[in-house]
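Below: one protein chain in two forms, given as structure tokens, structure 1 then structure 2.
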Structure 1
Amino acid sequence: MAEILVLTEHRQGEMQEISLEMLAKGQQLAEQTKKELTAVLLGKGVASMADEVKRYCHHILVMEDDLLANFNSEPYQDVLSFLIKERKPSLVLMGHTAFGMDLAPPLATAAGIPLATDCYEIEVKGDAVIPYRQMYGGKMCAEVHFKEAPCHMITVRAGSFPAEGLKEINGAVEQVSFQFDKDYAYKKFLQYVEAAVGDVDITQADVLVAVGRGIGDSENLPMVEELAKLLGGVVACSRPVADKHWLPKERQVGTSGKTVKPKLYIAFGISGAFQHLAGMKNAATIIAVNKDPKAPIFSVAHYGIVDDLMKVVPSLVAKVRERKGA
């Protein structure tokens, strides 16, 4: 029977939110295509997670093994290749995460399955499954067509499908019988490394003045720091600024950095890549300053200024000073 397969993702005993998001979208797609939804859960000591996941799918395939305890694309790929061969799903979903980015391309390639990565929407038109993804750092969207094949694979962008609408299905748990024939010594997980702690915790600040690529040079940081200080806040940044080591990594807002929810977030020269928006879109008030009127940051900001930050920052500094002096 053709089914939709969702690979659930977890780390250190915690299920990742993306798993529920994919199950929610998977339920919808299964209904639209009249198929069953099957979750795959690989790990070690995951019985309680299986009990939670089975509520939302028709079948959950569980395999426990020491080799699956921590994510490693190699044993994961072998188990999934086996399952795909056995069960012949029409669609496989996994997260476009550190997990799925390592696993989906080799799995799809080895099995000859067309793959679309980092998709924020999936539509069904007739018999076709049509993924949508973004390009050019979120400045364009693309409708992607798959080559016809018995199975397609899509990696899903985190936060694209709300998990709230999940329906109870209460499926059955099935154990996977698969025998590893090697120990995968050529790719071995050693340990997790926690994020470094810095002198400033941006998650605790009420006011964040954030800078992105548009800051141009580290020489331009002092004026931004001055504005932050006047507002009783601290300076944060998007990825390119941390990559250039202009600000320490712990100041980075976004998927691979911190998630923040300040009272006020001012974004200077940040175009608003999805990874950044995911980390700040819940701020109470967002002001964005960017030269490009179509920058994605304006879609989450409450107020926007289409101008060069080099002009805007000094004028704001002067104005705050004036107000404070009065």
Structure 2
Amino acid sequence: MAEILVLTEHRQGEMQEISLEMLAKGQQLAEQTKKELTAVLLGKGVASMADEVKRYCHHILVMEDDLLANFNSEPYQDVLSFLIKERKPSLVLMGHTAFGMDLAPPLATAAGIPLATDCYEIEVKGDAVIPYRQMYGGKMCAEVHFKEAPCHMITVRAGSFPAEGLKEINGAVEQVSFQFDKDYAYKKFLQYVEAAVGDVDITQADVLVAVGRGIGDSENLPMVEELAKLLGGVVACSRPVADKHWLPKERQVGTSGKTVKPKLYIAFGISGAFQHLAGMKNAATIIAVNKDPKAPIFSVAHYGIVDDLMKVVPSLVAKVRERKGA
């Protein structure tokens, strides 16, 4: 069957955003290559999630088993190896998350599939699917060409593709029949331990006011923090600001920081290096303020102001205060 497989990721009964992002990109790739899109959902008690996911694909393959109740790469690998052998997809997508990083390399090795990891873009050129990834800490962008093979695998960086605009397909739910021949006693799930997010989790903020090296000095941060507070948002930053320790690393946006998708992203004094753009380009509305009219940040901004942020920020603070009657 000519199809693209997307492995959906869920945690503690909730579908992860990366799954919807991959389905959105999968729909686009399937249309371009004239293939069908198939989602794979493994777990226990996942019927409600199956009903949600089937809306966006032609088929959803569901398997429920106690061994799949919590993520364990070993049983997942056995089921997926079976599905890849049986269905012979042309492409397998999974998230470049802790989940995918654990699973993709051994699965690709076992199935003999060429693998590209941590990809931020995927294009179709002729008959080839071309993924793009960064190298050398984000200093270089590589166009990856696979060796010829009937199937390829790609892990996708979270936040790379907007989940908005998913088309309704309402595909068929298919139950997978697979018999485990071991209990994986050597590798057991114990518990979920959530990572510390610091004082603020910028990935959850609807409004981000971000600053770059154009802020000049840490003494100028309070006026930006005041604007963020008035707008009901939080302050984020580019790498130079985090490297100078003016703001904690947890506030950094970009490939070496965090990927964000707020409703509003205001960038002050950020030139827009590729590493930063990759972390915020999918924000719903982007406003950029920079003295350089040729700054790359304007290529993704919906609105731009060519001026000194030291003039713009106080003016915005005054205007917002006036509107709020403060």
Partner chain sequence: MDIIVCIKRVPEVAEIDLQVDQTGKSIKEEGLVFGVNDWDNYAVEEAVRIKEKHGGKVTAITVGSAESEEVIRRALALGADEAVMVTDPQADGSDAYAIAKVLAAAIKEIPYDIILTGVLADDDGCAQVGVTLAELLGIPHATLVTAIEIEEKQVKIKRELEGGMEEELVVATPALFTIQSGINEPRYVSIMGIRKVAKKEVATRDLGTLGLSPNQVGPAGSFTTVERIFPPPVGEGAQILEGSSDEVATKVMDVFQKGGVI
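The structure displayed is predicted, hence computed values, not measured ones. Definition used throughout: the rigid core is the maximal C-alpha set that superposes within 1.5 Å between two forms. Numbers follow structure 1, counted from its first residue as 1.
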property: Form predicted in complex with the partner chain - which displayed structure it is; result: 1
property: Cα displacement of Val211 between structure 1 and structure 2 reaching 2 Å, rigid core superposed; result: yes
property: Displaced residue check between structure 1 and structure 2: Glu148, CA, 2 Å or over, core reference; result: no
property: Core-aligned C-alpha movement of Asp307 between structure 1 and structure 2, 2 Å or more; result: yes
property: Following rigid core superposition, Cα shift of Ala228 between structure 1 and structure 2 in Å; result: 14.2
